[in-house]
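For reference, the chain that follows is the form predicted alone, supplied as structure tokens.
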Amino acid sequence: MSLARIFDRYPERRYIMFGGKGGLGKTTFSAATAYYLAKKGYKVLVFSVDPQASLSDIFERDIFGQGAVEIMPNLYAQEIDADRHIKEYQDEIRQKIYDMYGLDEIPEEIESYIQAAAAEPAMEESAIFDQVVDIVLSAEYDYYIYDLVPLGHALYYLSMASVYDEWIDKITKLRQEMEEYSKVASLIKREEETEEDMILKELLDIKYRINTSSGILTDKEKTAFFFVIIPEEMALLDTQKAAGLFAKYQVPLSGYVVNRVIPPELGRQNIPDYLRHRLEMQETYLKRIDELFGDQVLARIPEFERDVTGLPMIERWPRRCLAQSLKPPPPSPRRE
């Protein structure tokens, strides 16, 4: 098995995610996979949900906050500017307050609340999640490649859908109960009921967006999730724990890719003791990885001599881990 054969065998899996500890090569895998699929004729978007995104570094292009940027034919990349999205969200709230209540200015206590809410630690992740919903619902691309945040934050990101969904269910139920009570008690005017209807409609629209997005994340037919690991003890232990937690959210695991493998043939040469000891340690963990994950290990990627940045280096990557060719893509559906 290999990554290429996964894509070939399951062509309907168009939402591709790479996850793992920070610094293991998730962004490189995401960029290289996007490049490979784009060269095969698919229209591909690779995007980062990491606030400290590095796709700009990988592609050697400033793409942060600029929407989907064309890197080469069929290949687009996007880094989400969470701060700008938060500001737009604040402005939207202010405008709705103006429209709904006919105010000339926002009361100081409400403005303070809007500012404080934007400073909440979870607001950045929430803003990114909301942008991801917009991206995947646009249905503009054949493949969507997620460059996920490190494991702990990725689990938070994956749980966002269920948290939002539960919260909106409660708020929606409360709105509906208030509306029924108000009608019976005749405590509000008809125009105020209309305002309540607008709020309820917006909540239901948010719920639809979130359910659609979370449905993609857990859809075994459409989604493939790959863990990136390296042959070291802490990375292996963290990956085992994370795999169990990801299973809790029913994320469809498609396999593991082992990165930064020192070429074993170096052991036959006259090398320093440090490197020889590293090779011995690596062999121990490679065996352990094979014992734990078996045929779910799709590729072993050798350590490169320098950082993978720029299209020439990215092009070398698929030759190592995506060597098997894909079938030519079917004609893309016509987009109105």
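From 1 onward, residues are counted along the sequence shown. Not measured: the values here are computed from a predicted model.
This next part talks about the form predicted in complex with a small molecule, which is not shown.
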Note which of E291, E280, D307, D62 lies within 4.5 Å of the small molecule in the model of the complex, where distance is taken over heavy atoms; exactly one does.
-> D307
One residue of R260, H85, R209, K222 in contact with the small molecule, assessed in the model of the complex (non-hydrogen atom, 4.5 angstroms) = R260
Does at least one non-hydrogen atom of P312 fall within 4.5 angstroms of the small molecule in the model of the complex?
-> no
Partner contact for I16 in the model of the complex: the small molecule, 4.5 angstroms, heavy atom = no
Heavy atoms within 4.5 Å of the small molecule in the model of the complex: does D295 have any?
-> no
Taking the shortest heavy atom distance, is S56 within 4.5 Å of the small molecule in the model of the complex?
-> no
With a 4.5 Å heavy atom cut-off to the small molecule in the model of the complex, the contacting stretch among 62-70, 271-279, 38-46, 298-306 is 298-306
